[in-house]
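In C-alpha cells, the next block holds one chain alone, the form predicted alone.
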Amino acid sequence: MTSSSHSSTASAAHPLDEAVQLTASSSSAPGQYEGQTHPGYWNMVGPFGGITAATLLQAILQHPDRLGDPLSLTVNYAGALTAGAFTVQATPVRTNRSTQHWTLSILQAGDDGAQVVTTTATAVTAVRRETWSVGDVPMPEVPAPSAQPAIPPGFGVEWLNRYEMRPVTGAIPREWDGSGDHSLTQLWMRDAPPRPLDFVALAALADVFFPRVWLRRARHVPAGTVSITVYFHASAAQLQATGTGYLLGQARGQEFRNGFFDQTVQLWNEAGTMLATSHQIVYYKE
C-alpha cells in the first residue's frame, strides 16, 4: 500500500484496521482477498454499511496494480453479510492514463456452502494534478467540537461505539411522535479511539448518519441503505493534515417517496476543507 492509506499494520490495535484487514488469496489471481467480519462494527442484522464500503476500498488500495487514489466508490448492498469469513474480488477493468475503473464484489458461503454475492461495487481511482480549484459549498458556521457534548451510543448496536459524535443540530428524535419537520443533521465526528484519517476511514465516516426518514417523520421505521456513492475530493496530503481531528458532517434527505428516499452528505475537516461528499438511496418501511 502507498502513502495514500494507512496499512492494516500501521495501527494494529485500532478496531478499524482490524475490521478492514484483508489477506491475499495465494491460489488465485491478484485482487482476491479473504476477510472476516468484525464484531466491533456490527449493526442490527449485519455489519455497519460504512465498514463494508471501507473494506471494499481497502481491497483496491492494497491491489498491486492500483493507479492513483480513490475518486469515487459506489456500493450496492444486495444482502446482509453474516458473521464470519468472506471473499472480496477487486478487478481493474480498464486503466487509462490518469484514471482506473474497478468492479468489486463480496462473496460469502450460503446455507448450502455455495458462494453467494452479498455486495457489488464499482470504483474509480485517479492520478490528481494541480488545476484551478474552488469550493462552492462552504462549511457552515457552527460551534467548535469542544462546545458540543458527545452523545452516548444507543439502539444497542455495537458499531456506534467506534465513533465519537457531537451533534450540532438534527439529533435523533427524543419522541417518536410523528412531529418531524426537517431532515437536516450537522455533527462533528471522528473515529473512537481517535485514528489518523485516511481514505478507508473517510469512506466509513460518509455513512455514519442515522436514516433521514427517522428525523423527517420522527418515527422509528425500518430502513436500510440500498446503494451509496462516496466522492473523494481530498488528496492524501489533505487527509494527513487532518490527522485525528474532527470532521463536520452534514446530511439531508431530498425526496421521500414510495418506500425509498435519497440522502446527500458533505464532510469537511476543521480547517473548512471539503474532503468528501456522498449520496445514497435508502429503503424504508411504512
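Don't overthink the numbering: it's just position in the shown sequence, from 1. Note that the coordinates shown come from a computational prediction; the quantities given were computed from them, not determined experimentally.
We do not show the form predicted in complex with a further copy of the same chain, though everything after this point is about it.
Wondering, does N96 line up within 4.5 Å of a further copy of the same chain in the predicted bound form on heavy atoms?
Yes, N96 is a contact residue.
How about V116: is it within 4.5 Å of a further copy of the same chain in the predicted bound form, going by heavy atoms?
Looking in the predicted bound form, residue contacts with a further copy of the same chain include V116, since a heavy atom lies within 4.5 Å.
Taking heavy atoms only, is Q254 within 4.5 angstroms of a further copy of the same chain in the predicted bound form?
Although a further copy of the same chain is absent here, Q254 would touch it in the predicted bound form, with heavy atoms inside 4.5 Å.
Since only the chain is shown here, I'm wondering whether E130 would be in contact with a further copy of the same chain in the predicted bound form (any heavy atom pair within 4.5 Å).
Close contact exists here: in the predicted bound form, E130 approaches a further copy of the same chain to within 4.5 Å, heavy atoms only.
Ok, G259, P30, G68, P39: which has a heavy atom sitting within 4.5 Å of a further copy of the same chain in the predicted bound form?
Checking each option against a further copy of the same chain in the predicted bound form, the one that comes within 4.5 Å is G259.
a further copy of the same chain is absent from this chain, but in the predicted bound form, do G79, S183 and H279 each have a non-hydrogen atom within 4.5 Å of it?
Affirmative, all three are within 4.5 Å.
Quick one: which of 193-201, 168-176, 140-148, 86-94 gets within 4.5 Å of a further copy of the same chain in the predicted bound form, going by heavy atoms?
Among the listed stretches, the partner-contacting one is 86-94.
Taking heavy atoms and a 4.5 Å limit, what residues of 262-277 are near a further copy of the same chain in the predicted bound form?
Those in contact are D262, Q266, T273, M274, T277.
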